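Here you'll find one protein chain in two forms, each presented separately as structure tokens under the names structure 1 and structure 2.
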Structure 1
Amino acid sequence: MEQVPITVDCEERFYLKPDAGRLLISPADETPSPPCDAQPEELDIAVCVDRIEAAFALRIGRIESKWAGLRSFVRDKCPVCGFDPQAPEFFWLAGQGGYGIQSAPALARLAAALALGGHVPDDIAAQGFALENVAPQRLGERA
């Protein structure tokens, strides 16, 4: 099982990956919710198992542990990073959606640079990163 790569459905209706000798599976759901201590819903677990069993020659016999959380987004699904245009003492670092762990090393460096009045780090800019895509200014426009 450890040789199986992380596998994501093209429409992101599920993903799975081996984790510590077991299989980590998710329905990648984005059900709108007010801020709360999210708990795993039995229906979402059943939907996840069903989608994965339909796509692979796998039978999910037992769920060993289950977990839920909130993925926070703004409308365009890009993070929000920078000083607020209306409250310039307030710095935004939010909306990482489902990728906040993987994006944290770069996003944290960007946030530190901007918070200290600096620019986008060169190596991040060299990847084609555009600051306007994460700027809080866009929240009142397209985000």
Structure 2
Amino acid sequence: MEQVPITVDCEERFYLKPDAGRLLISPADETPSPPCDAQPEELDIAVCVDRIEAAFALRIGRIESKWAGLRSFVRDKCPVCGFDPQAPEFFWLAGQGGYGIQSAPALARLAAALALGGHVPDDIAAQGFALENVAPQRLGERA
């Protein structure tokens, strides 16, 4: 099971990935919520299991643990990373939404490089990354 990559369905209605000898599964929902101590809803858990069992030859017999988290988004659903143009001493690193597990390693390296006055790491730039897609300046353009 550890050789299986993260799997996301085409409509992003669920994802699953191996984690510590088990499967981490999610309904990939974007239910709006005010700040709170987020807890998983039983219905969301059941929907997630149903979607995964319908898509794969898997039987999910027991949920060993469950959790929920608050995800932040900006309007275009891309992260925000960089110094604020209106408050240059403030550095943004927010808005990973539901992609934190996948994007955190590269985004953390990008943030560290930018915060220290550097540039986009070469291996990240080589993937076609464009800094303007995460720059805080873009938020003012779309307000």
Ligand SMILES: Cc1cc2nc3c(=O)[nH]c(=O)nc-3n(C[C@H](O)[C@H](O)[C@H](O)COP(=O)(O)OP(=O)(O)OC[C@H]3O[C@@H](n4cnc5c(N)ncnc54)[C@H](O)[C@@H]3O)c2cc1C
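A quick note: this is a predicted structure, and the numbers were derived from the prediction, not measured. Sequence positions of structure 1, starting at 1, serve as the residue numbers.
Open item on the list: I need to confirm something. Of structure 1 and structure 2, which is the form predicted together with this ligand?
Closed with: Pick structure 1; the other is not the form predicted together with this ligand.
Open item on the list: Splitting the chain into two rigid parts between structure 1 and structure 2 - does D123 land with D76?
Closed with: In the comparison between structure 1 and structure 2, where the chain splits into two rigid parts, D76 and D123 end up together.
- [ ] Enter the domain rotation angle in ° for the smaller rigid part relative to the larger one between structure 1 and structure 2.
- [x] Rigid-part rotation, C-alpha based: 17 degrees.
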